[in-house]
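Shown below, as structure tokens, is a lone chain in the form predicted on its own; questions about how it binds or moves come after it.
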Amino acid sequence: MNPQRVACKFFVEPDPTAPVELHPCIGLFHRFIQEAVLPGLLIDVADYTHVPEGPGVLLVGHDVDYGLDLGGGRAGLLTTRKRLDGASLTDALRDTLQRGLRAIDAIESDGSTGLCFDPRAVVIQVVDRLAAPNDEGAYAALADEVAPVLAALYGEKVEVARAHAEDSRKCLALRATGQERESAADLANRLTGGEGSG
């Protein structure tokens, strides 16, 4: 499986279905650009807060986008890795998860938005319907390919289940849930062998 884009979403806590004030994220994301808080080339901030269950506030980058996303009626940080340049799905997912966790840590550490996230669970999406149709065969291939990354992130007892199975028009997705409570920074370090952000 060689998709064009892969994404992961970590949900806000304690209740991702509760209303979220996203306007403070606009200024925060502009600061992230100005101060190069996150790795890679960050370009612009787009405000979609007027769209019900939409992309919320989007931090657009050259090879990765970060969004305080309201899709599916559940608020969370959606990190979308694009321009994969032939990287394997395993490598692309590892990088996407690490970037998402680093962004969560930066948002929480800043404190200006008041947002907190639960890094114990993540929804992973393959944003490429040609390479990965939302069917049982593609899900089985996805789950098998990403298993080593999820084990590195959450340990061998990680629980994995198909997401969006009820609607074949949605992107192929799975939900992974870990058993232990760890910080976003610690989980990111587990993906890099303890190194800093990549």
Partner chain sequence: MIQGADRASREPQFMATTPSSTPSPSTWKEALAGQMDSGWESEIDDFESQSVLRSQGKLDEKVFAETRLRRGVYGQRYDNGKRHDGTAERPLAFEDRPTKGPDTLWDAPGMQRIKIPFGGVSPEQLEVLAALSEEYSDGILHVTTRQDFQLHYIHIGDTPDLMRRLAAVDITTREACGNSVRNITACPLAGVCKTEAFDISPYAEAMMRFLLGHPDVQDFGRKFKPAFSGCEHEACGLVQMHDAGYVSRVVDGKRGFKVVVGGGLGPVPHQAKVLSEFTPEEELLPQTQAVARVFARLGEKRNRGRARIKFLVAKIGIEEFRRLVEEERKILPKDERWTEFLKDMPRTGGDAVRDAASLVAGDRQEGFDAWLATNVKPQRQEGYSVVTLNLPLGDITADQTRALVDLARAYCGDNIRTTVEQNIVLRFVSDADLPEVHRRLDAIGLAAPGAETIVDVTSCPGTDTCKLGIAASRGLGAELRQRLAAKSASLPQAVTDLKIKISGCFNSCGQHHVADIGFYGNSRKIEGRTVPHFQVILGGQWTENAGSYGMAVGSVPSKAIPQAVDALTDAYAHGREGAEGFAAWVKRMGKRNVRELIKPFMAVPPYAEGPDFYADWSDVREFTIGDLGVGECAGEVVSLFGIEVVRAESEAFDAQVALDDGDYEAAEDLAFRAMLTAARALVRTEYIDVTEDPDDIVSEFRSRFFDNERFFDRFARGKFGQYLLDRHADPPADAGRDHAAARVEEAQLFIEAAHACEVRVSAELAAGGGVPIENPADA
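All values reported here derive from a predicted model rather than from experimental measurement. Numbering follows the first chain given and starts at 1.
Same protein, other form: the form predicted in complex with the partner chain, not shown, and the subject of what follows.
- The candidate site formed by His62, Ala131 and Glu136 is fully in contact with the partner chain in the model of the complex, as each residue has a non-hydrogen atom within 4.5 angstroms of it.
- In the model of the complex, the partner chain stays beyond 4.5 Å of every heavy atom belonging to Lys157.
- Taking non-hydrogen atoms only, Val51 approaches the partner chain to within 4.5 angstroms in the model of the complex.
- Contact check for Val127: a non-hydrogen atom falls within 4.5 Å of the partner chain in the model of the complex.
- Within this chain, Arg120 is remote from the site of the partner chain in the model of the complex, having no heavy atom within 4.5 Å.
- Counting a residue when any of its non-hydrogen atoms is within 4.5 Å of the partner chain in the model of the complex, the hits in 155 to 185 run Val160, Ala161, Arg162, Ala163, His164, Ala165, Glu166, Asp167, Arg169, Lys170, Cys171, Arg175.
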